[in-house]
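Next up: just one chain, as structure tokens, the form predicted on its own.
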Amino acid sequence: MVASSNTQAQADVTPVLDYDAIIIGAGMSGMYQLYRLRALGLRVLVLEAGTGVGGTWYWNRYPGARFDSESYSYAFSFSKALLDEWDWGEHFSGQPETLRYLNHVADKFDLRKDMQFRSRVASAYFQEASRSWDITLEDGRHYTSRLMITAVGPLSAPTMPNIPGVDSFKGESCHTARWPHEPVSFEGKRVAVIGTGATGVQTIQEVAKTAKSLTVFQRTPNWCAPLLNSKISKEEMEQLRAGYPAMFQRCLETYSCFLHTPDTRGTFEVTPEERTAFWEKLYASPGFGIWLGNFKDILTDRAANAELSAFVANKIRQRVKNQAVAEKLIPRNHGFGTRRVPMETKYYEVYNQDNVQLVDISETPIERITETGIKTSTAAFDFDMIIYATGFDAITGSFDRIDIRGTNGQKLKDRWKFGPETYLGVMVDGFPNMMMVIGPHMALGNIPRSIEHNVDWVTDLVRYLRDHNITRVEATAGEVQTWTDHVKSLGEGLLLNEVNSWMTGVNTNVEGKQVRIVNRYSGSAPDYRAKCDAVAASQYKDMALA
């Protein structure tokens, strides 16, 4: 990365730095980015707060944590040798298997030698004179680097609820995203779960199997659909492996990089009988098909969405014996698919068990956590364990927790106070030499597919900088505004952007995040890739290079 020049001006910007690039995070993004930058011959360091690789799959060890996209479509595709040697055990892999896979990747490519664990980043300040980043850890250690690449993940900043007395409980308690590494037993215990989002749904299914009693505190019910997971036999794995090239090509072509793609028909272009038969088929099929493989208009047409929502509501009524409970589990404030759809395995049947109770805290709010349990407006409950499935400060939260300052000392958190502003979801003007992998305003979808394109694009940019002796790269204010406006325009007309959720930046547990914003790119993944690739093909002519 160091340019070859003997001029005094160049010497001022080519100090002896610790690294050419520092990557924050050792999840899938950070692992692949390290692999690619190391191949360029750069001096790279990955800083990771945890004690191992895996990111999401390192931290989220709660019972029931697993993929809801097909395991084989979630795998890295960059190495044929890796694809040839890894056998998936289930169509939708559980967290232990996924973490084993990511450790296998780290071992195969010897990634840990350039990683530093137990290293939580506290601050990162851009140094104008040296065109570098000064990065400080919480324990005071600090490092300098020409480039800083964030691989902090969109769902990696857990939030606790704003309930008085959280610290007063004397029993066991934890957030799902900070689950203990040692085994946790629910046998003979009175357990509470607060939250019924995706992690809550997965946790509830498992806790209910062995707990003496389980009380679920639900504020907002979610539309859930059957996962229908199954084992993968050796013969099926060989068939899947033979089909990898075609499968990964399909992922590149679909809207969100999943194996599912919307039906070309509109909801009301078929008869009611055909519509019901199609939905029955989707409901009985594994994975995201009922969300992502449905009629093309279910997320844009209110009447279409209402029809689908009524269909799924009736499924809930059929599966839950107590109809009063069933009605509490049916969402009233949003339609099916307008929030992230949790995939479940007999979740609704849990509420048919004698040891499970549902408390609707929209009717009887939690007033406080006590030393022995939870007090609502109408009752007091005693528990041995409280599990907080209260979600994340999504998309921008993991950035907000680091004091990132660009030129003239401006804080990224202040810059994004009213919503993120980015260029391609990768860069921000005023923050030179900083690149984001899986940042705001980029196509999310099937995350590993997005990661690979995002990392490859960043790597190509870094190669260009190196080959042209460029030590400072920055997005321009004009291009950031244009891209941000484009992202916002793509969100218009989508029902999911009219709903409060982590996807629209709303989190009642985080100060200042009660206003709905556009957090992510809502267009198709192929369109996103085309726009990014056009920028690279232009040799980054619209960026500020020096």
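All residue numbers are counted from 1 along the displayed sequence. None of the values given here were measured: they were computed from a predicted structure.
We do not show the form predicted in complex with a small molecule, though everything after this point is about it.
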In the predicted complex, the residue from 145, 454, 338, 199 with a non-hydrogen atom within 4.5 Å of the small molecule is 199
The one residue among 232, 473, 350, 163 placing a heavy atom within 4.5 Å of the small molecule in the predicted complex is 163
Worksheet entry | Heavy atom of residue 258 within 4.5 Å of the small molecule in the predicted complex | no
> residue 425: heavy atom within 4.5 Å of the small molecule in the predicted complex?
Replying inline: no
How about residue 220: is it within 4.5 Å of the small molecule in the predicted complex, going by heavy atoms? yes
Practice task
Consider residue 195 of the chain shown here, and say whether it contacts the small molecule in the predicted complex, taking contact as heavy atoms within 4.5 Å.
Solution key: yes
Per contact check vs the small molecule in the predicted complex (non-hydrogen atom within 4.5 angstroms), the hit among 464 to 472, 268 to 276, 316 to 324, 187 to 195 is 187 to 195
